[in-house]
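First, one chain by itself in structure tokens, the form predicted on its own.
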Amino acid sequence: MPVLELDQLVKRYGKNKVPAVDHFSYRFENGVYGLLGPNGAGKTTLLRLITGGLLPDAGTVFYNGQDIDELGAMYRADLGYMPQQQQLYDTFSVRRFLFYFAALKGLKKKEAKEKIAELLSLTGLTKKAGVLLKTLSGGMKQRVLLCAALLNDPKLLILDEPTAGLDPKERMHIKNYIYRIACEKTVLIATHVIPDIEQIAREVLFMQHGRVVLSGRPDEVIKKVQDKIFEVVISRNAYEHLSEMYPINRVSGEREDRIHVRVISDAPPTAFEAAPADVSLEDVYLYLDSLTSPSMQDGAVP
């Protein structure tokens, strides 16, 4: 069983040495882990530290109890990484690109041919196998990168925004595939598409300022903000006033000039009739993003 342990990882940037990752520690075992947070929270930097693409200023990444720097190629053989940035060879066809990556990963030609055919079918790219990468849409390029990450059947799979640019059907197929393989792998997914991981994640980690501010099973973290999301029914004219007072997640159900508004607040809105609402991971994300208190910035959980 692959076990990934991060011990007090630190990575700083700029003249002022501002930490993008700030003393980050966590233990990952089999299953899917969702890494959530706003832009600039440190998600991509953390993934690059895990893959060895960046060296930490402090701290250590352990894989099955050993420092990944000491494991070297043995670690990389178990690793699959899909970066957020689409750094592809524009003049390569999809098939040539994947055979190139298969060679880098040490796959034999027959094994590579079978695996590439399987992954192209999975991602709906079979008919695009001979097409040049530069002609593909952004969503199709995402699928090619996912294929490349899966070529060596990795035990540790790192995915940075894997479903960006995909349509709902494609997202569903990719999500279901990741869930099927996760029983034998450790899968880390950094994403803004919260529904993609809400039903499949073993645990979710919410990041702010390079730290984990809340983590646990989806049902556990939802309970922590269960009393902070309210539904208010108001007139359309009252919406502007309400939005100046509280962060608002969702507006729906307009009928006879009345709308249903989901409000994020530590206490029930007193100026309006409010009822507790069912909470989703999206609500948790938005609640944490709305916090500006020093205690949260220091890493405290609600």
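Sequential numbering from 1, following the sequence displayed. No experiment lies behind these values; they were computed from the predicted model shown.
Omitted from view is the form predicted in complex with a small molecule, to which the following refers.
Partner-contacting position among 265, 45, 51, 249 - heavy atom within 4.5 Å of the small molecule in the predicted complex
Contact with the small molecule in the predicted complex is made by 45 alone.
By the heavy atom within 4.5 Å rule, which residue out of 259, 41, 68, 242 makes contact with the small molecule in the predicted complex?
Spelling it out, the residue with a heavy atom inside the cut-off is 41.
Which of 232 to 240, 57 to 65, 272 to 280, 32 to 40 sits within 4.5 Å of the small molecule in the predicted complex, heavy atom basis:
The contacting stretch here is 32 to 40.
Contact label in the predicted complex: residue 288 to the small molecule, heavy atom within 4.5 Å
Residue 288 lies outside the contact set for the small molecule.
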